[in-house]
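Given next, in structure tokens, is a single chain: the form predicted alone.
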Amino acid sequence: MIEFEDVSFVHQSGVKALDEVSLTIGSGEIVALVGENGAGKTTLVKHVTGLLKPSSGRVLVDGEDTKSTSTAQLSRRVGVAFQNPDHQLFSESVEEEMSFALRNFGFTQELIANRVSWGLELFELEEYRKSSPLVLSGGEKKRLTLACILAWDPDVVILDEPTVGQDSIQKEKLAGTIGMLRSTGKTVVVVSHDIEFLWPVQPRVVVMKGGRVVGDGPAAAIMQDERLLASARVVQPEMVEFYQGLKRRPAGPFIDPLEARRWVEGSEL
């Protein structure tokens, strides 16, 4: 469980990035953080890893205060794929990149080899095993950072703008990976502007504005609140717009175009 208790954070420049945020994320939840640039989303998730410490209030990860817990200790339980993968990749080869954390966490050589092969195959990076991460495209680098994290199997996975640089096929696979993590009871926090990607995942949605949480609830409820979304400069998913434009409609918005088509074909509009 992740708990923010009246957390505020002020940068050295004097800018307040978080303003008395109280938020609880339960074990096994899939949570999306949305809001315009500068809303505080990335600052919030950096507090979970201990990279930032609250100016006031406290952050608890499984009951442990991040102020008194090292980033190294937290990283075993919390894996983060940041928006810019160049800030995380440093090894001479893709294989070494994936092996680094596993060695530090004390995995056996056999298990390291198995986990590396699993991750490279899952994220279609096997051909780059001996290559430098620097030769990868931006999208491939993001997949590599995610492969590195999943290889050590943390309880919490944080993805900061994971769809940037990914084509539609890779986005679909990423959604499938989040579904896999959900089925195994992992806690997943996704920071994203890609509303069309988030909508079919149907996460709990936390809306941020000006360093505060201004909305929190199931995707179906939050994404129909036009006033809330407009205030936070978040666009509605296309399926929600289509649903709200119907004179006759089912009880809830369509998850994807196929569901919408089936309903339309079976109804007299």
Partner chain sequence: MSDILEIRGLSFRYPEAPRMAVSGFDLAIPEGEIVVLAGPSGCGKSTLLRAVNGLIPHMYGGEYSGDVLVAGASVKGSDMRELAQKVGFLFQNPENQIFMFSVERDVAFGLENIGTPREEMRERVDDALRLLGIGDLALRAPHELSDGQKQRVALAGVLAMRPRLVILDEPTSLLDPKTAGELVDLVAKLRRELGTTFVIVEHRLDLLVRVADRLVVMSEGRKVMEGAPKDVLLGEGSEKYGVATPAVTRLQKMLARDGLATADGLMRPADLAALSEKRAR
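Numbering follows the first chain given and starts at 1. Being a predicted model, the structure only gives us computed values, none of them experimental.
Keep in mind that the form predicted in complex with its partner chain is missing from the display, and what follows is about it.
A residue is said to contact a partner when one of its heavy atoms sits within 4.5 Å of a partner heavy atom; V31 fails this definition for its partner chain in the predicted bound form, lying far away. For P257, a non-hydrogen atom is located within 4.5 Å of its partner chain in the predicted bound form, even though that partner is not displayed. At a distance threshold of 4.5 angstroms between non-hydrogen atoms, E36 is in contact with its partner chain in the predicted bound form. Heavy atoms of G245 reach within 4.5 Å of its partner chain in the predicted bound form, making it an interface residue. With the partner omitted here, the residue from A221, L60, M239, L228 that has a non-hydrogen atom within 4.5 angstroms of its partner chain in the predicted bound form is M239. With its partner chain left out of view, the stretch that reaches within 4.5 Å of it through heavy atoms in the predicted bound form is, among 200-208, 60-68, 213-221, 228-236, 228-236. Contact residues in stretch 163-199 (any heavy atom within 4.5 Å of its partner chain, taken in the predicted bound form) are limited to H193.
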